[in-house]
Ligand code: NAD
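Here's a solo chain for you in structure tokens, the form predicted on its own.
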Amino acid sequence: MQTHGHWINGREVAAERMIPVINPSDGGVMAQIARGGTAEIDAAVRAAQAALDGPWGRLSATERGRLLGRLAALILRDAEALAQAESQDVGKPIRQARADATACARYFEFYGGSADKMHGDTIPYADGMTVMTLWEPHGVTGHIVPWNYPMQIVGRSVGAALAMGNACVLKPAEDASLSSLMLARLAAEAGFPEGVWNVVTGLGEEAGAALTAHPGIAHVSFTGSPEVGTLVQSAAAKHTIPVTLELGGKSPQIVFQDADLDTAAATVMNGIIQNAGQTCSAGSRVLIQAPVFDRLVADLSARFGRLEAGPAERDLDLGPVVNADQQRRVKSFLQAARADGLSFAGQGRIASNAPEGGFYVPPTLLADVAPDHRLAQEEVFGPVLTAIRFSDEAEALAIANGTPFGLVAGVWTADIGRAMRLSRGIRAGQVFINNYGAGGGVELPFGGVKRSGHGREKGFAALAGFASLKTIAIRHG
């Protein structure tokens, strides 16, 4: 059984305390990772600060970009090994893990190319004065990454931070740390100075809490639940440091009667079963206009009935959820749905040869769910889709905005005027019209409003979040 230590100051650091790594597909222990805490976080922060004070802080933006480009090439070289580790660690079908590895490389390519393109401005001011602005890194940035898309979220978070010249301390989720450790080793191979990229594995209440509370951290990036996000923000506030929070969603796909229903049905289904529904931007609510409600639900029902969940290596429609707690959580929502008499309009199956110890949940379609029902309001984070009936545009908008979340939305209609009105009226960070690219697009700014968080990742917008803007005013005549 493999044992993995922390990665601090460019080398592996062994630990006395360990955490078992569970394979979600069969429930068995497949490795061990180090269980860090305050001491390990402090060592990582000190190493990162030393890198900033040393060789990393002296590199030009162009040189930083070249290192990021080298890292991207190494990720592509080792993409299959990364995908295999991610698939086993998270439980997602191998083809999805391979797509994640490719996307991870693309993030580092993008941010490598953009590192020297965050330009300052000159500002017309008083006679005899020149005023300019420039971007400066925050310093040591903390990154708390969830278990559902470790490679992609490391890429979009750490990639942007490094492009702007920060040094990083990464705390991956204890349920999925393997790819984060592999990426840190590749960064060292690419030539990043020691201490620039540190990884401390462990529990959120220990290593994660120590990271957010550390006085040497200048910015925190967190992706996870709203409840933990509130704790992260509170801890950061004690040191008056900025945070980027991506906290999930209850994203609607709104289908009008004039939409291409076949394309919508396929996309709606894929939007909820990817990674077994464990996606912050999953389209977990489908709002359907009344005249085509029964037709679209029947189509979705047939599609759900053909779905099969099984071990990650089988590469079926979906794999298990990540752990036993998540399995219990999703099943509790389905039990509540049955108790409340909701209509189970469609349900997939678990493969007959799936290991009994795996954390499987059948993909489920619930129809005619009331907009204020718990299943239409709370983030299940599993392969559960609620279908909601609406009559007109105004009601659709009210239902779409009628949850505490605001991350992503989809609008399906042939009426471009309606599409634009809804895209303006929906309270969400991303709106897709006649498509649903949840999480897709390295170049597209991503983030939420309301309980879905604040700040933006991905695209050039992320770079501004990982830097401070300084104004310099010069009197010269």
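Residue positions are given as counts along the sequence shown, with the first one as 1. Predicted model, so just to flag it, every value in this text is computed and none were measured.
Omitted here: the form predicted together with ligand NAD. The next part is about that form.
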Partner-free chain; cross-checking ligand NAD in the model of the complex, the single residue of L366, M182, L296, A209 with a heavy atom within 4.5 Å is A209
Selected contact from G112, G406, G348, G224, since only one has a non-hydrogen atom within 4.5 angstroms of ligand NAD in the model of the complex: G224
Location of ligand NAD contact in the model of the complex, chosen stretch of 335 to 343, 187 to 195, 91 to 99, 166 to 174 [non-hydrogen atom, 4.5 Å]: 166 to 174
Residue contact check: R285 to ligand NAD in the model of the complex, 4.5 Å heavy atom: no
Is A396 near ligand NAD? Define near as a heavy atom within 4.5 Å, in the model of the complex. no
In the model of the complex, does E246 have a heavy atom within 4.5 Å of ligand NAD? yes
Partner proximity in the model of the complex: D392 to ligand NAD, non-hydrogen atom cutoff 4.5 Å: no
From first to last in sequence, which residues of 368 to 386 have any non-hydrogen atom within 4.5 angstroms of ligand NAD in the model of the complex? E379, F381
